[in-house]
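Quick setup: one chain, the form predicted on its own, written in structure tokens, and binding and motion questions come after.
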Amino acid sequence: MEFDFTELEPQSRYRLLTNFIGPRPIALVTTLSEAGHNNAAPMSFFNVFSHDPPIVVLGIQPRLSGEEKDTMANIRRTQEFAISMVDMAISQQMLVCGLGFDSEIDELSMAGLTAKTCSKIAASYPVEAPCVFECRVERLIDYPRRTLVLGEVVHMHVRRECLDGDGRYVDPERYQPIARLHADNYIASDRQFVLTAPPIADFIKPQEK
């Protein structure tokens, strides 16, 4: 089958993109509301795009009414946000945070997560998360139905047991984030394997003398 994205209506583009581009990591994004309470929402339009500078990107769409979501409004106002990665231990709490509570509701509290103040930004994060990135807005790119949020990571929290003995790399037995496939389908990273590329010399014929 062929799909002409220049002619396809938006919902079909969404379905095809999110069904076939995956698994997508989940960012549990926490921000501070204007009233001073925690806002938390999961986002699966998320990834890392640079290490120098350290840039992560979120894609946040408005509500069906066209009104901006609380997360986006808070990011615009404060220019700060935190991203917690999600593992199986907090997967249900992540879903609770995404239920669409009223703006005055503290989603971290509602989900039974323990809030801790960030080190460098005015937001909190759940201490139960395996790792957290504190971010400041680098720039916002606005489209009619989605805003791309480029955030510069200024601080990171990692649970010690998620790292190897030297504290340099993740321990794949302990750090197992989940990711979204499509609709309500997710995948866990508890089945990891190693792929090693063959040497390039195996594919290059020696030059004749």
Ligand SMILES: Cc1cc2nc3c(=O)[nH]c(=O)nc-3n(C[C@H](O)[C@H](O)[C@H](O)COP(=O)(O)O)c2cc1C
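From a predicted model like this one, the values you see are computed outputs, not experimental measurements. Residue positions are given as counts along the sequence shown, with the first one as 1.
One more form of this protein should be noted, the form predicted in complex with the ligand, which is absent from this view; the next part is about it.
Practice task
Look at the stretches 134-142, 120-128, 77-85, 97-105 and give the one with heavy atoms within 4.5 Å of the ligand in the model of the complex.
Solution key: Going through the listed ranges, the match is 97-105.
Handout entry: Residue (of 150, 163, 153, 60) lying close to the ligand in the model of the complex, criterion heavy atoms within 4.5 Å
Key = Of the listed residues, the single hit is 60.
Practice task
Would you kindly say which of 69, 182, 157, 37 lies with a heavy atom within 4.5 Å of the ligand in the model of the complex?
Solution key: None of the other options qualify; the answer is 69.
Handout entry: 4.5 Å heavy atom contact, residue 170 to the ligand in the model of the complex
Key = Answer no; every heavy atom of residue 170 is more than 4.5 Å from the ligand in the model of the complex.
Practice task
Please run the contact check for residue 44 against the ligand in the model of the complex: heavy atoms, 4.5 angstroms, yes or no?
Solution key: Residue 44 belongs to the contact set for the ligand.
Problem - Contact test in the model of the complex: residue 174 vs the ligand, heavy atoms, 4.5 Å - result: Residue 174: no, not in contact with the ligand in the model of the complex.
Exercise for the section: Although the ligand is absent from this view, report whether residue 32 comes within 4.5 Å of it in the model of the complex, heavy atoms only. Expected result: Result no; residue 32 lies far from the ligand in the model of the complex.
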